Ligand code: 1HE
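Shown next as structure tokens: one chain only, the form predicted alone.
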Amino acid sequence: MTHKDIILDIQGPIAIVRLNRPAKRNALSDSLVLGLRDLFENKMPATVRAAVLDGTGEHFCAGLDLSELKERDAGQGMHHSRMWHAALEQVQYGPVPVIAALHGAVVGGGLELASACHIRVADESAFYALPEGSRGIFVGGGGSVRIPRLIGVARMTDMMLTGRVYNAQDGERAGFAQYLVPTGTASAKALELAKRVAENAPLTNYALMHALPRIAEQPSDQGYLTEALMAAIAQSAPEAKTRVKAFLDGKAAKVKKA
């Protein structure tokens, strides 16, 4: 990976992807957004089975780089937004599950990026905001679709109307993150989870990334059919047969109370 604002660190089956603009609080330039798209679409090594998305410095991502915000007509603005959609689509529906390590600012476009990930781990320094309303703009990176699925339409509306900021504890309760850990440990926890995710059968992970969100949006009768088809495909894979046999033979760990 040669993008100046992205650090890619391959650790066995795990890819650690770091936004690397700490002086800008990892604000998202168009170049950086396109770099993420290229990485997840074309440059993720075939050996990788899970990814961690992190940010260097004190913040995950403070959102859109407003220094790049320029006057656009309606058509240009639409195409710019669709460019972001295509990039974040590659994070959500790319080759591997992505675990976000959230710390400091998770704001605006940074929250949109985090919402495209599959698991979010926040440390106690994290805070969440959508300041677009006070700046006279609207979310354009898929946030109006993904963020309400995490926290609900009412909470997102309140954030954009009033400028409300959620701290790490309230954000975890609202649904921004599935895990809350001590300050400075989000990356380690995300890596721990990524290693666990990488142990899953790839086809099962693919089903969870690509089929489950679509099933959730389908009418029940269509969802049941999609589920049945995905279940049949997953269980027919050789790796699934090997894993089930290992369990039946007493060679696989059983689920225990946490």
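Just so we're clear, the structure is a prediction, and the values are computed from it rather than from any experiment. Just count from 1 along the sequence shown to find any residue number.
Although it is not shown, the form predicted in complex with this ligand is what the next lines describe.
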- Query: Heavy atom to heavy atom, is V52 within 4.5 Å of this ligand in the model of the complex?
  - Reply: no
- R25: touches this ligand in the model of the complex, heavy atom cutoff 4.5 angstroms: yes
- Message: Can you tell me whether Y166 touches this ligand? I mean in the model of the complex, with a 4.5 angstroms heavy atom cut-off.
- Response: no
- Item | Residue contact check: R155 to this ligand in the model of the complex, 4.5 Å heavy atom | no
- Check S67, A105 and G108: does every one of them have a heavy atom within 4.5 Å of this ligand in the model of the complex? yes
- Message: Which residue, A62, L193, M44, M230, is the contact with this ligand in the model of the complex, using a 4.5 Å heavy atom cutoff?
- Response: A62
- Query: Which one of these stretches, 124-132, 146-154, 91-99, 178-186, sits within 4.5 Å of this ligand in the model of the complex when only heavy atoms are counted?
  - Reply: 124-132
